[in-house]
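Okay, so here's just one chain, in structure tokens, the form predicted alone.
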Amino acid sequence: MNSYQAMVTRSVDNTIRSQIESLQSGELAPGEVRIQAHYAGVNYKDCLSLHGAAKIITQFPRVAGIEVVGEVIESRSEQFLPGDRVLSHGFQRGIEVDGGFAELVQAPAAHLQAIPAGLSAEQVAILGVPGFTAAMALERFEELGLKPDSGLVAVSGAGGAVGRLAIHMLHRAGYRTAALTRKLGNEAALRALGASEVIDISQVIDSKRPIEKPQFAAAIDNVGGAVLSWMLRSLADGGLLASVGNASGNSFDGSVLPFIMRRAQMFGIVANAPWPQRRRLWDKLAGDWKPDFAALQPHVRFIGLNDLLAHAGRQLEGATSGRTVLRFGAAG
């Protein structure tokens, strides 16, 4: 394949523009391994990049897409051979180097991981960065002593990919979850994924109390802002909060009371994890923590490259839900 299609983002007169372009294989980023892309998850961060809604990309032109799943077609590395199925996320993919929104991707071997036994390429793409993020949070919770009988675990942004995957994975691991959402029309779908409770977050976040009734043993926050603040104030004694996203803003108001009265612990999750953790968690996602993909299927949408830009606009407007995956024609 000497030429390939890619969604290219350029800065033109300080305006960000993205469009499908035909590129030559000689324009690929440096790396020992060339991959025929089969899937690329579409994340909120990618949508910001495509529409220039935030300063994500560091240098233009750039192919966005922070993750990719595909098949090795050429390799100068002993680690990978043609025909190997691989995944890549992190390592500034789609930000400082070209990402997954292209039919061909070239990468250093050090940025690639073989798809673990027990998962198909499509299943890895469905999980992607959202599933890996949820797994990182769950592992940290359990390292800090959380157990299924510890109490309710809250998940904000329950309609999004991270939220839905987290709810389902926690349920499969034996935890009771509370799905926090503004869209109560999603209640039946969230309960089908395993949510024990569904809370209309819009009815509670305007509270001005410095500390709330203790409700949650742990919480995963995808949103930031007032939602994070309310969840923190609502933790039970010794409660844990994983901050994984900022869809509603980068800041939040709060006080020290959850920390000094209830011994709350809050920490951040960054999916660009070190290799030992990457391998460990992907093995868990292929084993003990493997989701029921039949249950996830109604929450997954596959799109083509021609649909990507319009979808990204809708996702930024909050008009989408669940997980969206870009599927290339070569995907099996």
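Since this is a predicted model, take the numbers as computed values, not measurements. Residue positions are given as counts along the sequence shown, with the first one as 1.
One more form of this protein should be noted, the form predicted in complex with a small molecule, which is absent from this view; the next part is about it.
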| query | finding |
| --- | --- |
| 105, 125, 158, 218 - the one with a heavy atom within 4.5 Å of the small molecule in the predicted complex | 158 |
| Residue among 173, 236, 129, 95 with a heavy atom within 4.5 Å of the small molecule in the predicted complex | 129 |
| Non-hydrogen atom contact residue 152 with the small molecule in the predicted complex at 4.5 angstroms | no |
| Residue contact check: residue 278 to the small molecule in the predicted complex, 4.5 Å heavy atom | no |
| Contact of residue 75 with the small molecule in the predicted complex (heavy atom, 4.5 Å) | no |
| 4.5 Å heavy atom contact, residue 193 and the small molecule in the predicted complex | no |
| All of 37, 88 and 113 with a heavy atom within 4.5 Å of the small molecule in the predicted complex | no |
| Listed range touching the small molecule, judged in the predicted complex by heavy atoms within 4.5 Å, from 257 to 265, 97 to 105, 237 to 245, 143 to 151 | 237 to 245 |
